[in-house]
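Quick setup: one chain, the form predicted alone, written in structure tokens, and binding and motion questions come after.
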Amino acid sequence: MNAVSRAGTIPSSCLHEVFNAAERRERATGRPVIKLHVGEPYFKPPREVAEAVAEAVRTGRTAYTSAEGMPALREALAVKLEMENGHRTSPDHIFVTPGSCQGLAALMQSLAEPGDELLLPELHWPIHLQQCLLAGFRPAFYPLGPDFRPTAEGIRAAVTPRTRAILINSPANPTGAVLDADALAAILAVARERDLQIISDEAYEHFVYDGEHTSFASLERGLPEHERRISSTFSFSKSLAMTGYRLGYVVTPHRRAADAMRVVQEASLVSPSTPVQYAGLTALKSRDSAVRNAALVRANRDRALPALRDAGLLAELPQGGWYAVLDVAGVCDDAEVFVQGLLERYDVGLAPAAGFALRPVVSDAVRTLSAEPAPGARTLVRLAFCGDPQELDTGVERLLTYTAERQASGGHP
């Protein structure tokens, strides 16, 4: 064990495993797999975004920027945050990052102290757990209700003397749950009561289908800077389909937090890609594209997912995001078996959600000793509905056919 680094003890993401399984299936059969296991949109970035990158390269605008990112982009982001999210913040508190994933990892590193706990939702994006462990946080988990939403009371009960921060993801991956302003305000009250930091992952901010998105830090708008405790992360990958560009940003609540984040960014990457930052500047002018893209994913949800609800696989349509969590308990007691059978029989990829509910046992040095899923997650499956409408419809049809076959055979393939 001592020969293995702490990172070497952290389990790989189930998403990585499912992605590789689909790739192997395509190579073995020569047939395409309908990839409902991965959140890759079928719409593309605005054409002017690619042109902005090319123009930056052609004109030699490729030098280093500061660790925070280009002043012009951070100033534009401050305006966007004020107009769209209700944040009132300084560009000095904003950090441009190579994707919100790196921003989240850096943010956790900037907050963690030895022995601290980070509270995660019991169903969480697997990368959140990896980032937590890499930062040196001890992971702990707060409960979700039948609708996959947390409550302030549940979070309060999960807080221990070691708890340093809470991670909130709304709209959520994998559940699609959305927290309204009242729910967020109640959670903020718990954080203030227990002197906790909050990390708000808002990658899916534009993808809210029932109600409106409330940006968590907007609830601190009227507070003096030194009393604020919410750090927020955002992404260009979802709203503008810039997945491979790797561009996001972090908003810190005050100068001390920004100073700590700056050190992590300097040590991690020196500065974000300059041509991609020019793409971000251009993308911020494409608000209409974000609105159109959200409408496309909502149309996918409204067309394809009701059949899954009617079949008893889905309790309710997700309020937001790109994903739905299905429960296959009625036809299979192991989601991994179900997913493997669907891939082999019908060339459809889904992600077993047990990997979204790991409960690591860690040592005092935060080395992962074991990581078993919560028992209730063993029959859950995540489906992505952000892809090509025709492929989604075909994939759902095959999923329903496979489900019916298992039901007819008493739960066997």
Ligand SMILES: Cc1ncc(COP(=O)(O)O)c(C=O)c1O
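What you see is a predicted model, and the numbers here were worked out from it, not measured in a lab. Residues carry their position along the shown sequence, with the first being 1.
Just so it is clear, the following notes concern the form predicted in complex with this ligand, a form of the same protein that is not shown.
In the predicted bound form, Ser237 approaches this ligand with a heavy atom inside 4.5 Å. Mapping the unseen interface onto this chain, Ala203 counts among the residues with a heavy atom inside 4.5 Å of this ligand in the predicted bound form. Proximity of Phe137 to this ligand in the predicted bound form: non-hydrogen atoms within 4.5 Å are absent; the residue sits far from the partner.
Trp125 belongs to the set of residues with a heavy atom inside 4.5 Å of this ligand in the predicted bound form. Of the stretches 290-298, 195-203, 80-88, 335-343, only 195-203 has residues with a heavy atom within 4.5 Å of this ligand in the predicted bound form. Among the residues Leu129, Val328, Leu104, Val251, the one placing a heavy atom within 4.5 Å of this ligand in the predicted bound form is Leu104. Just one of Gln265, Ser231, Thr175, Asn169 comes within 4.5 Å of this ligand in the predicted bound form, counting any heavy atom, and that one is Asn169.
Residues of 81-100 lying near this ligand in the predicted bound form, listed in sequence order, are Gly99, Ser100, the criterion being any heavy atom within 4.5 Å.
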